[in-house]
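What follows is a single chain, given as structure tokens, in the form predicted on its own.
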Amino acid sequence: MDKIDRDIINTLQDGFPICPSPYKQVAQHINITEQELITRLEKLLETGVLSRFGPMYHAEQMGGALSLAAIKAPAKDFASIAESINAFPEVAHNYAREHALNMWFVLATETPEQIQQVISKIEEKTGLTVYNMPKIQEYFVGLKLQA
């Protein structure tokens, strides 16, 4: 990443303008062209520097629910278990961890009641216990890179 990439990431963490030409407005703020901004965002996504670029929704404020969950997946079956869990549309993302609970995933549902329903289905499909860790308090941590 160079200075411009860091400027893009830092700028976009402060919000994305709602206007007819939002990319152009952000690009002007960073002193690059709109096309350069778009090209750089695509490259940051393709290379995995950014895992996603898009809005963050507060599911709870829309009547839904989010929860962090984890399982103890046997190493030999890890990939197939991850594939099974990721097949659920309610699974937002999934991580491997070096811990007894070695697979962590986020559930996002339309209603709070659906969290336990999805957990039960995952347990049924995988034969593994799902440890549900619902959010108690939310904190926003911004990552600002040195330009």
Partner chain sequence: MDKIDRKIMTATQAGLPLTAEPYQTLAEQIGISADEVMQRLKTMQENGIIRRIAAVPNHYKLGYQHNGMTVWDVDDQSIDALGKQLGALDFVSHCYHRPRHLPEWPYNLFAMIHSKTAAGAAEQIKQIAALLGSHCRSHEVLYSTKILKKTGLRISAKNVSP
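Residue numbers count along the first chain shown, from 1. Quick caveat: nothing in here was measured; it's all calculated off a predicted structure. Rigid core (definition): largest C-alpha set, two forms, superposition within 1.5 Å.
One more form of this protein, predicted in complex with its partner chain, exists but is not displayed; see below.
- For the chain shown alone, Gly127 is not a contact residue for its partner chain in the predicted bound form, no non-hydrogen atom being within 4.5 angstroms.
- Heavy atoms of Asn86 reach within 4.5 Å of its partner chain in the predicted bound form, making it an interface residue.
- Not displayed here, its partner chain is kept clear of Glu36 by more than 4.5 Å at the level of heavy atoms in the predicted bound form.
- Proximity of Arg97 to its partner chain in the predicted bound form: non-hydrogen atoms within 4.5 Å are present.
- Contacts between stretch 50-71 and its partner chain, counted in the predicted bound form as any heavy atom lying within 4.5 Å, involve Leu50, Ser51, Arg52, Phe53, Gly54, Pro55, Met56, Tyr57, His58, Ala59, Gln61, Met62, Leu68, listed in sequence order.
- Relative to the superposed core, Thr39 shifts its CA atom by 2 Å or more between the shown form and the other one.
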